[in-house]
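Next up: just one chain, as structure tokens, the form predicted on its own.
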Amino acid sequence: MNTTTATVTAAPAPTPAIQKEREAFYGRADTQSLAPLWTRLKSLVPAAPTPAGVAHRWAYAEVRPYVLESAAHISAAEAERRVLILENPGLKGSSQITNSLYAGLQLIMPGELAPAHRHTQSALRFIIEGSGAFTAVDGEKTPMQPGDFVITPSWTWHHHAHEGAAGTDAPMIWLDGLDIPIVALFNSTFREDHAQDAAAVTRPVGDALARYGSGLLPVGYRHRSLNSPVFNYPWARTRDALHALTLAGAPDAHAGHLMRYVNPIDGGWAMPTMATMIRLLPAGFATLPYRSSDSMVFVVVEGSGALRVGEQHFALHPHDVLVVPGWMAHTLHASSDLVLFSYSDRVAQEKLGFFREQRG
């Protein structure tokens, strides 16, 4: 069988006269808000993603004092949400941790209430430290404990409060993750403030988990939201499930023991725009290089180790927050049993057919 190999011959460079003529044409076209695609094609449609932002670590021991100090400058009520934004150093001024996601550390002190509102952005909370605080979402109040993953679906009323005695030293801190840049891309940002500081609580504590999070569903139930009906995934259950995996086999060479939070209705991701995962790396385990098209935000839940991105080396300690831009190869190394929570825009990319990964 005969085969032929096509070769691509580079076009000859234009002469100065031709280039001058083209530039004059481009200038005339610009008066009509027109631009030549052929001068921009390779940058608009590159061969591979260009990472947006940089890999970075927010060491919790270093940023925690700033989070706590914010309470001396403004109340939760005045701030509405007393949060210090985790802004990617490579995206300065954007209020973004990745090109598509937002992150911040929120503080609420005993006796405080962060007033009720709703917005089209979806939000997640991953609880870092403290006790005594709760969030109320769409009529149900749930206490928050370290390691809990809590969902605030799009356009649901929600408020936060700390039921500890005012003046006591028991701060509550959690990571906020929102799809603000994704919603902004579609110019679909809406928000509304509630008439009252606290929205009405109409269901008992634990109602959603009891109805939908125990392998059971109410007969006749029809779920119309893209979010999981379970909005608090307690850490105690998650931790037991992770450690049970270690009894069933070796960790994945590129990911460790990795699990995703799921919507119990259809087994899909728990949220429609943000993919949330939890992983365990046994002490002494190191992953092989991995990269994917989604930028990843990590939170160290337990243990210690290291994250390596190219020539960069980040030590990992409890509560540190890290970001790895999309399509940047990285490895994880566990000094002790290491647990990491993470979120990214992978779920949105998968639905649109954009997601790619490379294991190498």
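So that there is no doubt, residue numbering starts at 1 and follows the sequence shown. Not measured: the values here are computed from a predicted model.
Separately, the form predicted together with ligand GTQ exists; it is not shown, and the next lines address it.
D176 belongs to the set of residues with a heavy atom inside 4.5 Å of ligand GTQ in the predicted complex. Interface residue remark: N99 is not counted as part of the site for ligand GTQ in the predicted complex, having no heavy atom within 4.5 Å.
Using a 4.5 angstroms limit between non-hydrogen atoms, A136 is distant from ligand GTQ in the predicted complex. Contact annotation for H160: at least one heavy atom lies within 4.5 Å of ligand GTQ in the predicted complex. In summary, among the residues N227, T276, Q106, T142, the only one with a non-hydrogen atom within 4.5 Å of ligand GTQ in the predicted complex is Q106. Site annotation in the predicted complex: the residue of R81, R237, R260, H254 reaching within 4.5 Å of ligand GTQ with a heavy atom is R81. Segments offered: 239-247, 203-211, 285-293, 112-120. Contacting ligand GTQ in the predicted complex at heavy atom distances within 4.5 Å is 112-120. In the predicted complex, no residue of 44-65 lies within 4.5 Å of ligand GTQ by any heavy atom.
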